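There is one chain below, alone, in structure tokens, taken in the form predicted alone.
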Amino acid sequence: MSNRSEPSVAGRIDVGSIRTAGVYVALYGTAFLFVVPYLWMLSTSVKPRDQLFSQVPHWIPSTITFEWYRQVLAGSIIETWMLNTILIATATTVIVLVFDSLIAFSLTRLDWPGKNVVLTVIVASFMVPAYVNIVPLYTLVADLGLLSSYWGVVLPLTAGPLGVFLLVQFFRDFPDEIEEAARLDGFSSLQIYLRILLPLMKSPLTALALFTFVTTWNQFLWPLLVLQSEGSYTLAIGLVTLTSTNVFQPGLTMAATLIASLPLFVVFLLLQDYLIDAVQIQGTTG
């Protein structure tokens, strides 16, 4: 008869595996909570009218209808609003990338008097609430004759400090030896910026582009003040107008919101790899 005791069931279960499984359950459960509003939006947009106002919630409609999408596309100028939003968000993103990268390059790689003061002022501007500048900014745009103009929306949105602050952190981590070698080879400052730094900054620039595009896409107050005709509205303004002209139609609202969200979802899928790379670079360099 053997004296060796059999291991208990509890002893055969790897404690580390249980802990890992618990972490995954918690993470996926939390992630699912963020997805719930989008699932409800999708479900509501394809429900028939009688289930929209039912006291019993129907996550999966008994009958799928695309009537709300047909009403949105036929009863509004949502295509024009989407085109306006794409133009404003794209122009703002391009201007932010060009000017913020040039400013960050001059603050970190060039030597000129007063640059630390300029950087301090840019960082300090984070402390100023955006709504404080609304009235003087509106007066300035009106004096320049840019009301009801896309440039009246785009130009103020490009003046944020976040892009400069973000790129300064990455430009500072660029090795001095590479820049010195390039100067010995006869590269000018502009050539170093265009041919060496920009190709290496693809990930942070893409992350900044994604953040700027999404932020501009969701802007509501400033475009509402500047754009004064229905044909020049952005999606954020147009959706509110659509809601006010149709009394409590959740199916219509959810269909319009889903259509407005699709371009952002596509942009995120296209750029998500660069966004993850930028976060990893920032995490490893500190």
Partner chain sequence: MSIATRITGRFQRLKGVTSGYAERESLEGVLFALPYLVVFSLFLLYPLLKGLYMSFFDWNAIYPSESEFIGFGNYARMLSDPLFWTSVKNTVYFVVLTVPTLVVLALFLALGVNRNVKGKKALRAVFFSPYILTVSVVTLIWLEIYGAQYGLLNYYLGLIVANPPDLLNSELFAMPAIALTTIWWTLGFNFVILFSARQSIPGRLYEAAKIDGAGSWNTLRDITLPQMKPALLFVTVVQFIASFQVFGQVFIMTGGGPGNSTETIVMYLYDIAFQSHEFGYAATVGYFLFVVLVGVSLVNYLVIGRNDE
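Positions refer to the first chain, counted from 1. Between two forms, the rigid core is the largest collection of C-alphas that superpose within 1.5 Å. Here the structure is a predicted model, which means the values were calculated and not measured.
Not on display, but discussed next: the form predicted in complex with its partner chain.
Using a 4.5 Å heavy atom cut-off, state whether F171 contacts its partner chain in the predicted complex.
Residue-level check for F171: no, no contact with its partner chain.
Might P250 be said to contact its partner chain in the predicted complex, defining contact as any heavy atom within 4.5 Å?
Yes, P250 lies within 4.5 Å of its partner chain in the predicted complex.
How about S149 - does it come within 4.5 Å of its partner chain in the predicted complex, if we only consider non-hydrogen atoms?
Output for S149 is no: heavy atoms all beyond 4.5 Å of its partner chain.
Residue-level question: is S62 within 4.5 Å of its partner chain in the predicted complex, judged on heavy atoms?
Contact check for S62: no, nothing within 4.5 Å of its partner chain in the predicted complex.
Residue among Q71, T80, N133, T90 with a heavy atom within 4.5 Å of its partner chain in the predicted complex:
Contact residue from the list: N133.
Contacts with its partner chain in the predicted complex - residues in 118-133 whose heavy atoms fall within 4.5 Å:
Contacts from 118-133: V118, V121, I122, S125, M127, V128, P129, A130, Y131, V132, N133.
Once the core is aligned, please say if the CA of G231 is shifted by at least 2 angstroms between the shown form and the other one.
G231: C-alpha displaced by less than 2 Å between the shown form and the other one.
Superpose the two forms on their rigid core, then report whether the C-alpha of Q219 is displaced by 2 angstroms or more between the shown form and the other one.
Comparing the forms between the shown form and the other one, which are aligned on their rigid core, Q219 does not shift its C-alpha by 2 Å or more.
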